[in-house]
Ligand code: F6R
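The data below hold one chain only, encoded as structure tokens and taken in the form predicted alone.
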């Protein structure tokens, strides 16, 4: 199902890019509904292969809506799930059996006998026979009409990790280290993530008559582009979908962002050379051939398919100078604007000289990981800075940290500390897979507040400048099951109206829409919409920062804040105060497991890219982009 469009010529799978994950999910649900209704009318069952994880949640919500509002019946639907962790009982909050019932089956009229999910409790000696029987059940049902898929950062579909063959069948697999790290947050620590899973094989998946793959967020962009544009290989199992005659990928803009037609459109067709695309193309060319921007020659452009850019905007000498100047103008040591300076070519305006600034951190530590150096610079330059922690982050605290805190309180205050005693008893009685009690979550939240205050003080900011919003969507939910509400939006809107900021720093704009950063940004977006038309909004700029999991390319950066070796050390010290989060991050850059190592690597890498383009050499750089509501 490859496209015949010129700009999609490198894509070996049909990719449909949607404005949002919700729109994509609604269209996928509509296709499934049409199939179900047609088969219901003909008296035939509809056999669906279903996926788990955060990606299909929006699709399942659409199916529930269709059942409730449009009376779509699932009585004649038979389902087979892709996978399940081996060793988890059904009652475990992270078991896929429980996930599917909570997210979908409990809300439909599907008969329990029609639901098939791999059994994670099958003894190891019986797994092979069980898997063969599962395959036979699929065949007996008539085969899969449609298989729903997501894609993991290793390129896995189901739990078919790199190395899985095209003809692999349902089996027990060992999970890749990156897959386990990505699941660490759900299991409150990588040590709690199962090492094995039962999964349908690639060959099993490819036997479905129709395959719909869904992908959201920029974290999936690179692996997805490789699966779509590179030759099939067992090191990237999703690439084997290229051999299927009826595959369609539904993507949001962030997940599609690394496709050649969007990332490097000049390589696959004619281009409208806007300023943004021109800058991206020139920077790409310099990086591609390893030259500083000012040393690019006319023949460099011509030999890399960019002769039309020279014809329109050349020669190379003048074009190089223009792009070099644009890059140079992104660099500033004054993230809040430089008082008394000509700000025509600076990222931020000079006035007012002291700005009111709100830094939004989805969870404690996101602020210093993404912009700890800039935060200190804003404080040192006299701006009125407030750091707003949207959530308590208590779900990310290991039980061991909470137990240690409870013991410390008891040791300090004696046996009369009823709350600490209660938490200690609850932790002692808690099974490994049980959800936290309200008291345990409260203590874990207090732990993270203390870490956040210490971290801010290391950035030169008084602890009193921290605002802990503890948004209800987080306190009342858990990962992959959050839903934002009016109370969340009202809390952020109230803070904005109180402070009336000139600058806002936020993250999560292009993250997976079910993640805490993305939900936090959506709350901010809606809160800003409520304030549209208020006087302060006209003078407020929103700057986007990223964590250490993904770097902006120099061509995308609109404000680059360099800092010295000493300032980089200060940032690392601020991160280090978040002790409960050490080794909790799923991000691994160049083999670095600690969050402070990842942040250091990230900031040095940005500085290195600027240096390679011929700009000044800095120790480290934090990068930002302007968010424009249009």
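Numbering follows the first chain given and starts at 1. Everything numeric here is computed off the predicted structure, so don't read it as measured data.
Below, we refer to the form predicted in complex with the ligand, which is not included among the displayed structures.
J.: Looking at the partner-bound form in the model of the complex, is residue 396 within 4.5 Å of the ligand by any heavy atom?
T.: No, residue 396 is distant from the partner.
J.: Mark residue 158 yes when one of its heavy atoms lies within 4.5 Å of a heavy atom of the ligand in the model of the complex, and no otherwise.
T.: Taking the distances in the model of the complex, the answer for residue 158 is yes, it comes within 4.5 Å of the ligand.
J.: May I ask you to check whether residue 96 falls inside a 4.5 Å heavy atom distance of the ligand in the model of the complex?
T.: Contact check for residue 96: yes, within 4.5 Å of the ligand in the model of the complex.
J.: Examine residue 229 and determine whether its closest non-hydrogen atom to the ligand in the model of the complex is within 4.5 angstroms.
T.: Residue-level check for residue 229: no, no contact with the ligand.
J.: Based on heavy atom distances of at most 4.5 Å to the ligand in the model of the complex, which listed stretch, 566 to 574, 23 to 31, 66 to 74, 49 to 57, is the contact stretch?
T.: It is the stretch 49 to 57.
J.: Within 4.5 Å, heavy atoms only, which of 480, 304, 541, 291 is in contact with the ligand in the model of the complex?
T.: Checking each option against the ligand in the model of the complex, the one that comes within 4.5 Å is 480.
J.: Of the options 511, 557, 151, 461, which one has a non-hydrogen atom that comes within 4.5 Å of the ligand in the model of the complex?
T.: Contact check passes for 151.
J.: Sequence order please: the residues of 62 to 88 with a heavy atom within 4.5 Å of the ligand in the model of the complex.
T.: Residues within 4.5 Å: 82, 83.
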